[in-house]
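Shown here is one chain on its own, the form predicted alone, set out as structure tokens.
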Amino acid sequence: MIRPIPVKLIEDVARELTARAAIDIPPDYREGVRRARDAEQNRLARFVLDQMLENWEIASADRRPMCADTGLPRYYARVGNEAVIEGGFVALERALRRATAEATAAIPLRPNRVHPLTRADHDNNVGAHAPEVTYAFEPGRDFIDLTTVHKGGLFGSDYRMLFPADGVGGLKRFFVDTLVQFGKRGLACQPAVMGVGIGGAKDTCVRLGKEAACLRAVGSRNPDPAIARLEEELTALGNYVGIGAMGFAGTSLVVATHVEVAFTHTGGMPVGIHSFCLSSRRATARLHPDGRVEFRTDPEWFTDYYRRETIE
């Protein structure tokens, strides 16, 4: 008999994940920024990268959020097909909302969530459809992988409906156009992890672009060799446009590019692009039925099952 995962454990872990995400930048992104700093020739851009690295060290030492704008907390839950949750998924979502409110006061987080029209604010980052919870499932497992991401909610994403005749060249043009606009208009805080979602419907490619940016570790590669090569080409292009850290001239615009695809309508090639900026805030924990909790920084979101292509 499988033991249910206690809802109190879910709430406690979510609260801890929220603190870790706000304060501790994942080591894969830190290392990516260090490499960008070492390669950057522009004096101002290199200075900015040095200050970013120093800021992260101070935030970790003082246990304070690394950025004054603590973004919009959201959750990704990968649930094993054999997992049982005490109280079910309604209890899980209630626990995540309580954890978000408690963490907002305790860490503290900036209460960014407001009603879009009245600007009413509950002062706890909880409201209608907030925080968002995205689910995925995994066969033959009895645990929950819970990830929190604190993502800025204003800028850093774009969408375009391309067509088969545009091909990879058209995709690259859209990618460069987007990066130049982000850099010129201050719509993202560079250096960034760029996520590119290709295919599916409009909402699918936009979702995949965000997940690719936020839920893959720097240094990971798409298992499809052709897509992995495209990731490298897009990163090289992004760092060739002449924009560096925080919009200064340089070569440190893109830390990594992650591409994910979905089968789409034969007549189109929708593309969503998402930027996970220097505040790359994420943290993950695996919750087991026996109460064990394993914290880690790589969400491991894109499993083989998640990327499955055809009938099993």
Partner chain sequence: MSAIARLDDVAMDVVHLTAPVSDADIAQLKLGDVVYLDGLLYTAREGVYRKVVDEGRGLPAGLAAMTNVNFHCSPAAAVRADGSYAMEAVTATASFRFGKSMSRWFAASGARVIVGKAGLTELAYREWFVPHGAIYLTTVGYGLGATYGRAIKRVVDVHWLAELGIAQALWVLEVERLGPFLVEGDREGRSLFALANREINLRLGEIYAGLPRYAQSRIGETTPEDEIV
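Numbering follows the first chain given and starts at 1. Here the structure is a predicted model, which is why all the values come from computation and not from measurement.
Keep in mind that the form predicted in complex with its partner chain is missing from the display, and what follows is about it.
Chemist: Among the candidate stretches 72-80, 147-155, 205-213, 127-135, which one is within 4.5 Å of its partner chain in the model of the complex when only heavy atoms are counted?
Modeler: Going through the listed ranges, the match is 147-155.
Chemist: Out of V259, A36, I243, A283, which one falls within 4.5 Å of its partner chain in the model of the complex, going by heavy atoms?
Modeler: None of the other options qualify; the answer is I243.
Chemist: I need to confirm a contact call. Of P270, P26, G247, G32, which residue comes within 4.5 Å of its partner chain in the model of the complex, counting heavy atoms only?
Modeler: Going through each option in turn, the one that passes is G247.
Chemist: Taking a heavy atom within 4.5 Å as contact, would all three of V193, S220 and I227 count as contacting its partner chain in the model of the complex?
Modeler: Spot residues vs its partner chain: no contact at all.
Chemist: Looking in the model of the complex, any heavy atom of A91 within 4.5 Å of its partner chain?
Modeler: A91: no, not in contact with its partner chain in the model of the complex.
Chemist: Using 4.5 Å between non-hydrogen atoms, is I85 touching its partner chain in the model of the complex?
Modeler: Heavy-atom contact with its partner chain at 4.5 Å: absent for I85.
Chemist: With the cut-off set at 4.5 Å between non-hydrogen atoms, does A201 touch its partner chain in the model of the complex?
Modeler: No - in the model of the complex, heavy atoms of A201 and its partner chain never come within 4.5 Å of each other.
Chemist: Heavy atom to heavy atom, is D166 within 4.5 Å of its partner chain in the model of the complex?
Modeler: Looking in the model of the complex, residue contacts with its partner chain include D166, since a heavy atom lies within 4.5 Å.
Chemist: Residue by residue through 176-196, which ones have a non-hydrogen atom no more than 4.5 angstroms from its partner chain in the model of the complex?
Modeler: Result: V176, D177, V180, Q181, K184, R185, G186, L187, C189, Q190.
Chemist: Since the Cα-Cα distance for R185 and Y159 shifts by 3 angstroms or more in the model of the complex, is it a contraction (closer) or an expansion (farther)?
Modeler: Compared with the form shown here, the C-alpha atoms of R185 and Y159 sit farther apart in the model of the complex, by 3 Å or more.
Chemist: Closer or farther: how do the Cα atoms of D38 and R185 compare in the model of the complex versus the shown form, where the change is at least 3 Å?
Modeler: Closer is correct, given that in the model of the complex the C-alpha spacing of D38 to R185 is reduced by at least 3 Å.
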